[in-house]
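One chain follows as structure tokens, the form predicted alone.
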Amino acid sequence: MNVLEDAHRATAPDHARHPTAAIGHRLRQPLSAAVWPAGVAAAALLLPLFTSAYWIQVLTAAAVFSVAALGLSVLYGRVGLISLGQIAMLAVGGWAAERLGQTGALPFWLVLLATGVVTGLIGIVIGLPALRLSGLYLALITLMLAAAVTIVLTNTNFPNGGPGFLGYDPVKSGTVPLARPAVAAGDTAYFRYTVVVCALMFLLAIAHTRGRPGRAWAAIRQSEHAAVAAGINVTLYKLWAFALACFMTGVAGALLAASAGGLTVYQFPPQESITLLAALLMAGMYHFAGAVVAGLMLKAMPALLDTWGVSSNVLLIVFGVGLVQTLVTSPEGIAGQLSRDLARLGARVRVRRTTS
């Protein structure tokens, strides 16, 4: 993992290797980073008009996993902290949401918020080792956390309305999805509800990176020693990054808990976090739009292969080849390359207009 990190940093774009140099330029364009999430949200709201019920469920899952990828983008892309526990946090968020929702005392939006707060606090606890660990060691710690969560869930399962703290009744078969809000009872309405909430998570991340936390994270990523010398509280901002990433992922887990079919322990294998990291590197670690692309790669591509009758295991090969290609030729990933190509196209169009 440290080899991968060194290679990716060596080939990373200038604003990633020296993020403080790009702060002024980014702050002069406060709305540019919001264009991608707003465009994706607008398109997603229209997709149910042209897709089947099956694809609505797939796209709902893709939106949820894009937020999990967003949390990883904040940690690694902005602060330089490698976390392989995002999928575990997604499972913890789903568990907490189901337990809170089954009490019947909280409205759905408050369940989302409370779940985010719970996972955010867990993120602070997880972030404590990050104060002294980085690179391979931090990745191993978070990966072991993901494995521990899987083991615990295998023995306790998700709540299904049973008594006690765990809320699991072995007599009942299957899982019980989290009750949806009245305005989003159907799959189509819930898909749109999910997209709106996920867009809010993206805007929350953008607001942080455009403000003081983003500037502090950029300095920490470039050099912790320089950040300390500049008077930045490295401890505070590292824990802040973990709390924010886990808060957003917890909200995503709560959204997933209310999706069709509920939650099972088989949805959150520890190796899925490694796949998430690979997909995000290919999609664009340093661009929040890359999180959207990563969500589609993780959920829409397997569904598409199943539709074509191709084994989804082929994706492991595709991701492996794509990761090498990204590190060698396109360190900014799909989102960064596409943004650069569109900017070049726009510049050429403007030149032709001025010369004609």
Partner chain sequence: DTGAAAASSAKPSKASKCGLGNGKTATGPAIKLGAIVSDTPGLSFTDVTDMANAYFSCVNANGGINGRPVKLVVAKDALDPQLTASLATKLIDTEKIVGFTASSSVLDCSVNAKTYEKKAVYGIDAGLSLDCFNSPAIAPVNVGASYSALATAQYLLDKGAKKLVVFTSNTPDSNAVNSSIKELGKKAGVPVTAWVENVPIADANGLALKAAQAAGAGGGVVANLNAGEALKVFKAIEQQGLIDQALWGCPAGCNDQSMLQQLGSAWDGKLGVNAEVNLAGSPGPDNQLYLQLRQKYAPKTQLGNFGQLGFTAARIAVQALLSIKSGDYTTATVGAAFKGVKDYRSDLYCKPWYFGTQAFHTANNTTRTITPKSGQWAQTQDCSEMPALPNNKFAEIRAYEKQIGLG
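If you're wondering where the values come from, they're calculated on a predicted model, not measured in any experiment. Numbering follows the first chain given and starts at 1. Each form is matched to the other, and the largest set of C-alpha atoms that superpose within 1.5 Å is called the rigid core.
There is another form of this protein, the form predicted together with its partner chain, and it is not shown here; the text below is about that form.
Within 4.5 Å of its partner chain in the model of the complex, a heavy atom is found for all three of Tyr54, Ala260 and Ser312.
Interface membership of Leu45, defined by any non-hydrogen atom within 4.5 Å of its partner chain in the model of the complex, is ruled out. At least one heavy atom of Pro170 is located within 4.5 Å of its partner chain in the model of the complex. The closest heavy atom approach of Gln102 to its partner chain in the model of the complex falls outside 4.5 Å. Taking the partner from elsewhere, Ile151 is found to have a heavy atom lying within 4.5 Å of its partner chain in the model of the complex. Picking from 194 to 202, 244 to 252, 108 to 116, 264 to 272 the stretch near its partner chain in the model of the complex, with a 4.5 Å limit on heavy atoms, gives 264 to 272. Leu256 is the sole member of Ala283, Leu75, Leu256, Ala88 with a non-hydrogen atom within 4.5 Å of its partner chain in the model of the complex. Shown without its partner, the chain has Lys299, Asp306, Thr307 in segment 292 to 311 as residues with a non-hydrogen atom within 4.5 angstroms of its partner chain in the model of the complex. After superposition on the rigid core, the Cα atom of Ala300 is displaced by less than 2 Å between this form and the one not shown. Relative to the superposed core, Leu315 undergoes a Cα shift of 2 Å or more between this form and the one not shown.
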